[in-house]
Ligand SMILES: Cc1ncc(COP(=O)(O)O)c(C=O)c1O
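Next up: a single chain in structure tokens, the form predicted alone.
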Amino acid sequence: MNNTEKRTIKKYLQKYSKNKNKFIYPLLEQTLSSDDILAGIKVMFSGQMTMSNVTEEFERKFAKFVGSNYAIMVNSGSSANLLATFASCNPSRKNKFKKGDEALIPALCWPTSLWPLVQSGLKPVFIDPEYKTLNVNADDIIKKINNKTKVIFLVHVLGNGTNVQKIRVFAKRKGIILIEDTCESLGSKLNNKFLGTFGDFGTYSFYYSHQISSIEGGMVVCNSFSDYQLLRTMRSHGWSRKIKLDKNLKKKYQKIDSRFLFINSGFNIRPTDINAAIGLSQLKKLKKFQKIRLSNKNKIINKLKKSNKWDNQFSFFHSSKSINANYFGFPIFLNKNLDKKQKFINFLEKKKIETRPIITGNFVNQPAIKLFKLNKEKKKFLNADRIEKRGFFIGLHAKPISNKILNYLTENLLKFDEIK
């Protein structure tokens, strides 16, 4: 693509990318630059838009970036969770779970962290997170392990994480499969090692609002070549295409067209090269985005606390010990007058400050849990309830916050005491 063509496309981008967001302070701002979009357009012009060489390049560079042996791109972070879970019970895997086994999972989670466990026949056992970190405590996870525990499904929440290193040592000794849902925490590290790379599988999301975006897309990482082969096969129909096949298997099924040999179960959760090209372009900016988000977080907190209206109305979210967090979103917890929370949320929305719950709140309170009878014992999860009752979430943008927006945001947050 020559310079004249690039200039023409950039003119169209400027014309059609005007901010149409109805919020003054939205949950997310556009992070896709002209370079990112041009990378996608270049793939479209090439005619090879489905999963191909660009996807493989993104996989290689992503694996190298996080320090994993292998990476497999899929069409979403949710699909990454699905693929990692179903690979963990596949008959071809030596260490696998079976139906009826138990899986530990935080009560503070997204639906597509939970449902693959249920769909694959596991019994979920919910764990209460810590209030201050939003993540499960490593010692608490280890205490909850019993003879039925076969999977630990960690969720690294909003850029934070737990001591997964300690959990990994225990899980390995017990033969427990460890899956790290890192969809909200790409770029975060524990003791200088990226979250998502400690377990058997790590999953990531490149959805539009996450640390980097391919618009839609996700990734699974692993260190075992056999797991990598399995993930590639299951990603695409159980197909043997581009898989290193056992010689005896090839010989046994030589009468079948080798181009269409299906050796396992599978899904169709492939990405496109368009998504991969955008993700590859964005990956280069991850560290820059991380610094900006941290700076914005500190500016918002400092501005609030230096105001003469500050009366300890809110508490804020800070990273766990030894975690270098790449923050995703800005959770806020009310310290008083909890009965005013919904009125305050309504007030902020009217002021065009977009809000949302912290993930889903306590997912055990959701009607789907009752429908599938996943908490028959009616256990209580006090910290998850506390997070749900006290907490809400505003955006934390990957562009430096202006003084004008910073003043507008903090002035309206500090009107909490005026809400009747």
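Numbers for residues come from their place in the sequence shown, where the first is 1. Fair warning: this is a prediction, and the values are worked out from it, not measured in the lab.
Unshown form predicted in complex with this ligand; subsequent notes refer to it.
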item	value
Answer option from Ser213, Thr85, Thr272, Ser113, heavy atom within 4.5 Å of this ligand in the model of the complex	Ser113
One residue of Phe170, Phe267, Tyr207, Phe97 in contact with this ligand, assessed in the model of the complex (non-hydrogen atom, 4.5 angstroms)	Tyr207
Option from 77-85, 286-294, 304-312, 248-256 whose residues, in the model of the complex, bring a heavy atom within 4.5 Å of this ligand	77-85
Any non-hydrogen atom of Gly159 within 4.5 angstroms of this ligand in the model of the complex	no
is_contact(Ala107, this ligand) in the model of the complex, heavy atom dist at most 4.5 Å	no
is_contact(Gly217, this ligand) in the model of the complex, heavy atom dist at most 4.5 Å	yes
Cys183: touches this ligand in the model of the complex, heavy atom cutoff 4.5 angstroms	yes
In the model of the complex: members of 153-174 within 4.5 Å of this ligand, any heavy atom	Val155
